[in-house]
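Just one chain is shown here, as structure tokens, and it is the form predicted on its own.
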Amino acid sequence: MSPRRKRADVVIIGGGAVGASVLYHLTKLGLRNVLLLEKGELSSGSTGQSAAIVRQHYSNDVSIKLVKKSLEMFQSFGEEFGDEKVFNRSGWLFLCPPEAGHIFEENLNRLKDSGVRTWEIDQAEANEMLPGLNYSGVGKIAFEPDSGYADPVRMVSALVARSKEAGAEVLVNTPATGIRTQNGQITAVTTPETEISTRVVVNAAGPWAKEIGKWTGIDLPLEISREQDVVLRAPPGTFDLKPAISNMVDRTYLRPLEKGLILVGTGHPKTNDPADPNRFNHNADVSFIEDVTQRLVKRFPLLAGSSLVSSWAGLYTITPDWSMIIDRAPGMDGMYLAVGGSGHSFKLSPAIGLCLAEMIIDGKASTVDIAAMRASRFSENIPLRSTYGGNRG
């Protein structure tokens, strides 16, 4: 498709949760001449394959502040957009092994000090939410009553629809093919059919962000890993999962879909599965399906005999410290980065979009100080802290 406008104040590359959030917040802050380009359909990259669990149990201050603000926005989504089905406040449980107990207590205190409603629960309380749970290897359990899970496709659709009502233009099946610059300043973005004059570009392209960075001579420290999920149907009458769960003991996560269906994946730390975002196997491996099912049944014996409903593989875009880069691009005026989701970007996307929109319009983010997520932190050897390892935060 060819855009109606030949000039835009901002061009956003990427139609997933982060790109849609930036678009929405730019228009909400008063910018109307904004264009979003998506190479496929909306949410057709990592967002559409996301487990979309929204939890606040992070171990660094900036991530806690971002997810707290994002949760507020998820919880108000029904009121603001008239769609009560985007976010499900199901509660969230975290199963922690004994050897990480000291980290667990440290993080729980940090979260409470930051205003997050969370606390440790005992086996009796856990049994009310998770009947038949096998407690072998479980040292501690945290509960967040306000957290849960969301519908990522529905959320992106709502953000984009509201942005278009405000005057933004959104083109699907329209890839950006290049970025023109002059004397270190963005001047235009090209598509297969035209060129859009602009001085501001947002790289929110998920797994394609590294490729787009190279168009302006920026080598982003990003790796791509293939991530797999399955959907299982519990045996009738045996297990009606309510909350979302992150299980550090077995390195799994799970959350309910519709009644009787459970989405399950494996968590980090684990070995990355490098992939080319333009050519990778979108189907889950048989070995993965067998492994994750065995882990699930070990922890929840009532799920023995569950049937496979569907499975797939999506992509994580990973930074060296497993936290996003949200910043102006070093050495290129007009280029903004919202890249390297590392499995976090969906749950953080509402606040990320707001902070980046503030940076573009006002010169700096005011809702949350995101300086710790700057691009230069790796060359400065100041990575973000993650106490559990991998993307657990």
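Heads up: residue numbers just count along the shown sequence, starting at 1. Fair warning: this is a prediction, and the values are worked out from it, not measured in the lab.
What comes next is about the form predicted in complex with a small molecule, which does not appear here.
> Does any part of V18 reach within 4.5 Å of the small molecule in the model of the complex? Heavy atoms only, please.
Heavy-atom contact with the small molecule at 4.5 Å: present for V18.
> G334: heavy atom within 4.5 Å of the small molecule in the model of the complex?
Answer no; every heavy atom of G334 is more than 4.5 Å from the small molecule in the model of the complex.
> How about T174 - does it come within 4.5 Å of the small molecule in the model of the complex, if we only consider non-hydrogen atoms?
Close contact exists here: in the model of the complex, T174 approaches the small molecule to within 4.5 Å, heavy atoms only.
> Heavy atoms within 4.5 Å of the small molecule in the model of the complex: does A375 have any?
No, no contact at 4.5 Å.
> In the model of the complex, does every one of S44, P207 and H344 come within 4.5 Å of the small molecule, counting any heavy atom?
Judged in the model of the complex, S44, P207 and H344 all sit within 4.5 Å of the small molecule.
> Can you tell me which of 198-206, 139-147, 108-116, 94-102 lies within 4.5 Å of the small molecule in the model of the complex, counting heavy atoms only?
Only one stretch passes the 4.5 Å heavy-atom test: 198-206.
> Tell me, which of L296, L71, A168, L315 has a heavy atom within 4.5 angstroms of the small molecule in the model of the complex?
So the residue touching the small molecule in the model of the complex, by this definition, is L315.
> Given that the small molecule is left out here, which of Y253, F300, W322, F77 has a heavy atom within 4.5 Å of it in the model of the complex?
Answer to the contact question: Y253.
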